[in-house]
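Single chain ahead, written as structure tokens, the form predicted alone.
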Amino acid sequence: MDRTRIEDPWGRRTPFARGHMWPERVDEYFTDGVRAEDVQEWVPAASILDSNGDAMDIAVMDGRMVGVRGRATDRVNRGRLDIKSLHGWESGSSRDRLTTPMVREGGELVPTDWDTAMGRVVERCRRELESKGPRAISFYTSGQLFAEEYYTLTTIARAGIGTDHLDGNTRLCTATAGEALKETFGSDGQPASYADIDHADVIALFGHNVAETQPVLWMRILDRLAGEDPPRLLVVDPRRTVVAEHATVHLAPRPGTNLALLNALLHEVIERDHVDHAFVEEHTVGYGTLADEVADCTPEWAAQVCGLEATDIVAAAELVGGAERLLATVLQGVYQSHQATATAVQVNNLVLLRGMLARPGCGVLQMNGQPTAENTRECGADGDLPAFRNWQNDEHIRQLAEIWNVDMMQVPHHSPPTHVMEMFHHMQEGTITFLWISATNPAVSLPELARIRSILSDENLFVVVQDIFPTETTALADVVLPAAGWGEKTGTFTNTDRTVHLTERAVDPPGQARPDLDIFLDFAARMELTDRDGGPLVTWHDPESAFEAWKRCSAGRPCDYSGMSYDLLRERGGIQWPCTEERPDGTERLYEDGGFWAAPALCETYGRDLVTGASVQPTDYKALNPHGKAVLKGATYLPPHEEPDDEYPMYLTTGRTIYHFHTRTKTGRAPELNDAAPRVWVELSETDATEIGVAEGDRVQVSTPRGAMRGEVRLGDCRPGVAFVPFHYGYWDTDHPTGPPSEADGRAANETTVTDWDPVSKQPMFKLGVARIEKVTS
């Protein structure tokens, strides 16, 4: 693989026509001096640096990784790899890998052995349990571990410790996806498949910059666009992104107005009678209420709210209303704003009104942000219960208690599981005094970083951090546990369209680093966690036995893995759940039989009020939806909580670049990726740059009511009045790794973002704030 892929991230085109199979194109990259024929072993894996789940093989020579290649036979990527997958693996050999446990002594982290480190963790956990009870204990995990690891952590936290304080950093990127699917279909689970791109005549992307967040999926769309009978694109994004440049209709609404726009699109679909009435009548409830909700949401009204032309809104409605096969996708532009779930649900409504479900080319993909975000949700490590069970349904709690062989009351279900924003509030208040963080970096990724650093530094909070590199968060920990990385351990993970891949250990982890599963198993054993018969609570001992335990928990639920095995995944590659004895090949699309997981006895939730977030009571849900149909649920648009004024005249939105993943702890250590985007920048429209008096490359300060950061100006195609800052950059590679000593040293976008969240999904509002931009140097 030549290095020009850094400059041409999506590579050469392989055009294909609608309804045909996506051609193969195998991407590969080797370290200098190595050729494919030199490779001694190819080890199966899948990409871990976005949510696409691209199948690949790791090249091994003399016990070290020397390259990667895409797997041509896999349904997800047909051999393609994005540039993070091609280059990101090189970070595994970075010289600053964590290789030894560390404990804090005299204010400093010092190396130690596993017995000492784990002994300190267990002693403190027991002390807090005995003195304060299980609600003093909390766990904050990731979207980057394996299903086996999440399920083990969930079992320890919920059935062993008995705490409801367990959440994942998927709260920041995909919580709204799960909630929107639950609100409409009764349960999490993507209805559509990536293969629907091959059949759609209209693809509508709402807040989804697919070119940078799922580059291989964008390659698939580009190849359709280059072939016969290409799809038409509707793109909703306040920036003129690469995706927007290919749009038939591009709408750039004012930040915080997505719901108004969606309500207007629904209004037009109903007004122009693009509704599939037979489908709606047979498969949904709530049509009349939804129609009433959007009756006054005309294009002219929405144009005023969103800062758009009414004719453009009508054109968008005609595009989706006239589609023969409509595929809709949704991501952070919707999820990380206020009224996020309410907006994402309206996209589901759009698909349902059009009857575009469970057929090739039809459906909705509420996209995920991280590679194993789906597993965090499935396994109950994100504020839900395992296998999409309902915390308000006693029968579901009984099932979990039986699976874990514990008393029902040991499984917390008196209130919704705690989300991370609330957990940090409890830490600030002093009621949570033990926090175990695995594979995430909240000292850069959470909003309002000065507050987060203050909480993590509090001497009354005991912080354990399990990671593969030193980060801004490990610098604040009391105990640091070195973990194995991708290619150094075995496990399964599931991508956005429910495809499960097995990735296997290719090389040994460095030093004393251990797989995350081994660390959790060690903790469970040292804590002597037992079931109600006095036997060990965690009965598995390695990845495959953990997978078998997870299969038993998932059986009979929407995400049923019972028909899979490690051997089957090795033989076939990616398989979509549900995979059962009756469906041994997996399931391409959900709901093909017209049934949903929405019946009161089956559903994952009874729903919430989309405006206030208040839980719907079981009796009310049973009255609304006794037969388990999809729910059409409307919501009234409300203005954002803060809007530009004289002091902060611009909107500020944060996001991603194709060259980096999350807080750059991996990609910042991969030379090619780091060289491609080494510094944070502030993207402005030319109009705003002129008004502020800055040019490309000038250094500016971005100030908000929360804090400030600085970066270089990059002129782009933001909507005028909107500034964009990538969120990846922190401080681990600076002279002040725990955080900036002054505002002038701030470079993390989340110095400026607000501690506020969507009322339903509890996802923070990274894309909705106000700011003042000022020039500081030329």
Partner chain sequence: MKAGLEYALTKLHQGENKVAEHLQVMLARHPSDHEVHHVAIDLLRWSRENVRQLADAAAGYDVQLSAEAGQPSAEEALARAATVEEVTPLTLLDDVRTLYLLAAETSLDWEMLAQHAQAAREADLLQLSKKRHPQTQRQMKWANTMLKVRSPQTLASMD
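A quick note: this is a predicted structure, and the numbers were derived from the prediction, not measured. Residue numbers count along the first chain shown, from 1.
The discussion below concerns the form predicted in complex with its partner chain, not included here.
- Of the candidate stretches 167-175, 430-438, 147-155, 265-273, only 430-438 contains residues with a heavy atom within 4.5 Å of its partner chain in the predicted bound form.
- Taking a 4.5 Å heavy atom cutoff to its partner chain in the predicted bound form, the contact residue among K551, R240, R254, R451 is R451.
- Listed residues G119, P644, P640, G227 were compared with its partner chain in the predicted bound form; P640 is the one with a heavy atom within 4.5 Å.
- Contact annotation for A525: none of its heavy atoms lies within 4.5 Å of its partner chain in the predicted bound form.
- In the predicted bound form, its partner chain sits within 4.5 Å of a heavy atom of S415.
- Although the partner is absent here, E24 sits far enough away that none of its heavy atoms falls within 4.5 Å of its partner chain in the predicted bound form.
- Within 4.5 Å of any heavy atom of its partner chain in the predicted bound form lies no heavy atom of T14.
- Contact annotation for 280-309: no residue has a non-hydrogen atom within 4.5 angstroms of its partner chain in the predicted bound form.
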